[in-house]
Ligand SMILES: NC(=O)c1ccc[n+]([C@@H]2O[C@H](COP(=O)([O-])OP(=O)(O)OC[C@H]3O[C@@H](n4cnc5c(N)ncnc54)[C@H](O)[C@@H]3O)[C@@H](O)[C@H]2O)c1
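The chain below stands alone and is given in structure tokens; this is the form predicted alone.
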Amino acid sequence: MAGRLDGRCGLVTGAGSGIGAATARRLRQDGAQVLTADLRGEVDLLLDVTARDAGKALIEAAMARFGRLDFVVPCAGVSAFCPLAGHSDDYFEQVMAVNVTAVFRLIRDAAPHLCASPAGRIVTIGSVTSAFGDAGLVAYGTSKHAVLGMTRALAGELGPHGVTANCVMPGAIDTPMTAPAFAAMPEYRTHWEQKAALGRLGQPEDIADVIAFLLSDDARFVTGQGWMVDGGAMTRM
């Protein structure tokens, strides 16, 4: 909706591809000014979100460019199908570092600026595995449960300052991150296409549109929620 986010300024990480890139495009279409970051791709800042000072660097860059910060959308994430026997300590810790710790650090460092905004917004990226489990996704599911819990706690703590915090929980989305698993296991792709009530995989834009809504004034009284965006997959056995 053109103009819905006019005057809003914020950050989107993981914006080099997939959901993050689609989100940055959609928010700009709605009038927002967006600082983008990723390890690679056409973004404003190339950085590793797991670096200890990444959150502060992102906030400093946003404040230098915009002079304010109204929203953060930490889209950077990692996922891979990995049976439990293959879950090394290093693999588990990497998933948690990207999907949880980096999200926490960015939001912690952004919080004072979001509280100073007349419309502070946080949208995190969970997954249907934030609420359900799936074989081969123990580390990923653990991380996404944590993101949903973090988001609910943030809603309670930052709500008195007028900041909303919500978690978008995608189902099976056709992105560069999921492409290797779908290519290696075509039956996995078919399973999710058939499981979805709408009969297809999601596209990054399906998620970006929900994020744009949650950042807008249309969602001003919505906080602490997990928004399952899965084409109805989890409504079916």
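No experiment lies behind these values; they were computed from the predicted model shown. Start at 1 with the first residue shown and count on from there.
FYI, the form predicted in complex with the ligand isn't displayed, but the following is about it.
Exercise for the section: Go through 84-92, 159-167, 120-128, 107-115 and give me the stretch that gets within 4.5 Å of the ligand in the predicted bound form, heavy atoms only. Expected result: Comparing against the ligand in the predicted bound form, the contact stretch is 120-128.
Problem - Listed residue that, although the ligand is not shown, lies within 4.5 Å of it in the predicted bound form (heavy atoms), from Leu198, Met63, Ala181, Leu47 - result: Selected option: Leu47.
Exercise for the section: Look up in the predicted bound form whether Gly10 has a non-hydrogen atom within 4.5 angstroms of the ligand, and give yes or no. Expected result: Residue-level check for Gly10: no, no contact with the ligand.
Practice task
Tell me, yes or no, whether Leu35 is in contact with the ligand in the predicted bound form, where a contact means a heavy atom of each within 4.5 Å.
Solution key: Contact with the ligand, no.
Exercise for the section: Give a yes or no for Pro186: in the predicted bound form, does one of its heavy atoms lie within 4.5 Å of a heavy atom belonging to the ligand? Expected result: No - in the predicted bound form, heavy atoms of Pro186 and the ligand never come within 4.5 Å of each other.
Handout entry: 4.5 Å heavy atom contact, Val100 to the ligand in the predicted bound form
Key = Close contact is absent here: in the predicted bound form, Val100 is far from the ligand, nothing within 4.5 Å, heavy atoms only.
Handout entry: in the predicted bound form, residues of 168-204 near the ligand [heavy atom within 4.5 Å]
Key = Going through 168-204 in order - heavy atoms within 4.5 Å of the ligand in the predicted bound form - the hits are Pro170, Gly171, Ala172, Ile173, Thr175, Pro176, Met177, Thr178.
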